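Below sits a lone chain in structure tokens, taken as the form predicted on its own.
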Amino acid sequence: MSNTSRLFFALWPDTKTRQTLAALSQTIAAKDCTWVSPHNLHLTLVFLGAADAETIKQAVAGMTAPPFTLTFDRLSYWQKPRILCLTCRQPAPNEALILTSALEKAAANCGLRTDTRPYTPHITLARHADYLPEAKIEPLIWRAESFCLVESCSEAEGVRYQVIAQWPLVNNAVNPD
């Protein structure tokens, strides 16, 4: 593939949600981990890997999906990737699963392979973590009003995520097949 970038579909937080997430990260007493930069906080929907952004944008151009709400109310530690993340006690709403399924289908139509594990909404707060610290988490309610295509850009200071396209989620949406 020419002109490929490291891409993923995500929910990108609004300013208030980003500030809440950044403040929450500062209240967690975990040592020896790398905190995700506030600018990079997001919720991955589908990881694409190396792909052509224009091809991906065309693949989802006509896609529509309804907005939905996620409530993040648990701090979790995932041992294998060694991350601290916010997760939801309740299963993902059907609208979120329909959206991720449609995005996975669009990726497959572009010849890309995506993760085959069931989708688990999470927001990574820290990487290279070794344990789950004690923390009281106030529920964070995230109203998904749009989804975006994000590029992972390597910079001297580390990775920076950049939104390169965004699509609204609309009520009464019908996803064309």
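A quick note: this is a predicted structure, and the numbers were derived from the prediction, not measured. Residue indices: 1-based, along the sequence shown.
One more form of this protein should be noted, the form predicted in complex with a small molecule, which is absent from this view; the next part is about it.
Partner contact region in the model of the complex: 42 to 50, out of 42 to 50, 61 to 69, 25 to 33, 136 to 144, criterion any non-hydrogen atom within 4.5 Å of the small molecule. The partner is absent here, but in the model of the complex a heavy atom of Ile83, alone among Ile83, Leu86, Ala96, Leu103, sits within 4.5 Å of the small molecule. Interface membership of Thr55, defined by any non-hydrogen atom within 4.5 Å of the small molecule in the model of the complex, is ruled out.
In the model of the complex, the small molecule sits beyond 4.5 Å of every heavy atom of Ser37.
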